[in-house]
Every structure is written in structure tokens, then in C-alpha cells.
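Listed next as C-alpha cells is one chain, alone, in the form predicted on its own.
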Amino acid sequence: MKITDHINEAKKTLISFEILPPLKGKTIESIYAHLDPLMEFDPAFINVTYHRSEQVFKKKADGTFEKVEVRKRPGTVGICAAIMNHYKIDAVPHLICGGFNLQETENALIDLAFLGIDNVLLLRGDAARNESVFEPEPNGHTYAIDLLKQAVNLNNGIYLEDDIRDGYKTKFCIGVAGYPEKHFEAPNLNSDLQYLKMKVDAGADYITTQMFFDNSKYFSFVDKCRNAGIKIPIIPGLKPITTKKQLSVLPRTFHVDIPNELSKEIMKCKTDADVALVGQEWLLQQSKDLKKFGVPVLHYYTLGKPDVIAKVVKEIV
């Protein structure tokens, strides 16, 4: 079932979760153990992130080094299929530009269609760990909008091979990312919104936002989107702060601000257990305000903290 169908048929604010693939060496059971405590809340869908391979140099016996690709987490296709089979719930794989050429992207989309996966979230992805700026694969996509256009082409039965006539038309509901505090590479929020509008005009069906900790920034972002002619659903992405270290890690990694009131309360905490309680309460109040605002979905980035998320969601469903 498409995300937009879930939203259109809902009579209340929906709940959804986002998870990381397990580290290589773990089994699918680690995913089930993570999700089991959250299933009582009847989530509409589960997002599964994608993590590109890393290039590392390994020393050979002769003392020289060779560059090898290492993938620390498996891809999303198999995990999404397992989640859908196990829980009978829609799974949303993330697909990125980084690490894929056009043919590999098409093959991944075809695999998803064969598995009956109706939804995809399309992202450019981050630069590789050894790159200062994002570099596409040879014959790969440079921007998320290019990836989006390829998915839209498949929805219209247009494949990379010109000799494919009357090709099967996939039925993907396509999500893209939105940034209430702007993408860190954009010169300003207005230009960022222009790029987002281009993705909407190219065929995006819904938007999921980067995490934020100040609801006023989400409300302002929605207003600016509507004024720019962006009418598709805008799903807020939410995450609890659970350690003091995150006060510096989250702004540096995700380019988001931590409100002064929240950071002051966290700095008073003596242990990370205390921080988790502060973060849990902040997330609860965020969730209540957003639900009152009438957001279509409350989307929680669980990232290894399903217990905290469960305590919050229990208070709002």
C-alpha cells in the first residue's frame, strides 16, 4: 500500500518508524528484536536506511596497500522484504545516488517491484568517508532529482534500454527529503525550497523531513512549502536525544540546531540515563504539539532506542 494511500485513508495521525540495517554478522532477528516492542502501536510503515560501502586501504603481504570496498551494513531490499513478510506491514527502502550507477539503480528498483514493495525514499546520500564532497559513481546520479526522474521513468514504463517496448510500469510512491533548517550545502532556505519544488514537480509524492528539535521550524517550513506551491504531504522526522555527547554530534552530523532550553536541561544532567529522560519528555511534547497541528504522520528515527520511542508513543496513540 502506498504511503499516500495510508495518509488519505487515515482518520488520525499515523505512526511510523525508521531503522538501521544491522551490522554485518548480525541476523534478521536483531531487526525483529528492535521492532517487536514497537509493533503494538500499529505503525503504518517502517523505513529502512541505506548505508553505502566504504573504501579502505588494506596492507598486503608485500607491504603495499590495496583499496577495497567494505560494506558494514547490508542493503535494504532483503530487509524490507523480510519485514513485510514477518509483520505484514509496508516497508520503505531508502535508495541513494552514492555507490550506484544507473543500471544498478534500475535493477534495484526492478527487484523492489518484483517483491511488491510500493514505496521508496530517494536521497542523494552523503559523501563517502574519504571524500570532502559528494562524488557520483561513473554513469551514476549526481543529484536526488536525477534518481527521482529515473524512478518516475520506470513508473511510466521507460527503461534504460531503448529496445524495451511496452515495459511494465512500476507503481512506486516516491518520497524525498525535506530540511526545515535547510540542507547544509544550500546557500539559504529559499534556494533549498526551490530545489525541493523541482523534485515535487518532477513527481515526488511526499516529503519526509530531517530531524528537528524546534517545532516552530517545522511549522515555518510547511508554511513556506505551501506558499511555494508544494502541496504534497510533509512528514516530520523525530528523534530523542539520549546522551550528552549528542549535543555536539547531532549538530555536526545532521546540521540541526538544539534549542537553548533543551541544551540547558541536558547540561544539568549527571548521567546519560538522566539525559534520556529529558530527551524523552522533550520528544513527547514535540509529538503532542505536532499531532495537534494535524501532521499526517509522526515518523520516529529509532536508531537503536526503541524503548525510548515506545514510552513516547504510548502517551500519544
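Counting begins at 1, following the sequence as shown. Not measured: the values here are computed from a predicted model.
Same protein, other form: the form predicted together with a small molecule, not shown, and the subject of what follows.
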{"property": "Residue among 123, 154, 225, 113 with a heavy atom within 4.5 Å of the small molecule in the model of the complex", "result": "123"}
{"property": "In the model of the complex, the residue from 238, 177, 89, 77 that sits within 4.5 Å of the small molecule by heavy atoms", "result": "177"}
{"property": "Residue stretch of 101 to 109, 124 to 132, 212 to 220, 157 to 165 approaching the small molecule in the model of the complex, non-hydrogen atom distance within 4.5 Å", "result": "124 to 132"}
{"property": "The small molecule in the model of the complex reached by all of 243, 282 and 311, non-hydrogen atom within 4.5 Å", "result": "no"}
{"property": "Partner contact for residue 118 in the model of the complex: the small molecule, 4.5 angstroms, heavy atom", "result": "no"}
{"property": "Contact test in the model of the complex: residue 145 vs the small molecule, heavy atoms, 4.5 Å", "result": "yes"}
{"property": "4.5 angstroms heavy atom contact with the small molecule in the model of the complex for residue 202", "result": "no"}
{"property": "Partner contact for residue 181 in the model of the complex: the small molecule, 4.5 angstroms, heavy atom", "result": "no"}
